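Just the one chain here, the form predicted alone, laid out as structure tokens.
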Amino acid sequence: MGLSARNNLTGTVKSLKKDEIMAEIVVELGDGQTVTSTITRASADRLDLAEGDEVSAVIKASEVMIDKD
């Protein structure tokens, strides 16, 4: 599958938490940093995700918001 996103980070699923609707996936990159993604439970089930799986975190965002209290 071809994607237009250029930010493609490869890593390992470090943790996976699912509830009835959503799933939170923490991906550990090769340098030890982590990226957290929230996707639908249906998508996580369709991908058959499990801890230890090798995955790609594909990042495509039109904006990044920063807040300071």
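Predicted model, so just to flag it, every value in this text is computed and none were measured. Quick note: we count residues from 1 along the sequence shown, nothing fancier.
Omitted here: the form predicted together with another copy of the chain. The next part is about that form.
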Would residue 18 sit within 4.5 Å of another copy of the chain in the model of the complex, counting heavy atoms only? yes
Applying a 4.5 angstroms cut-off on non-hydrogen atoms, the residues of 29-45 near another copy of the chain in the model of the complex are 29, 30, 31, 33, 34, 35, 36, 37, 38, 39, 40, 42, 43
A change of 3 Å or more separates this form from the other: in the model of the complex, the C-alpha atoms of residue 22 and residue 61 are farther
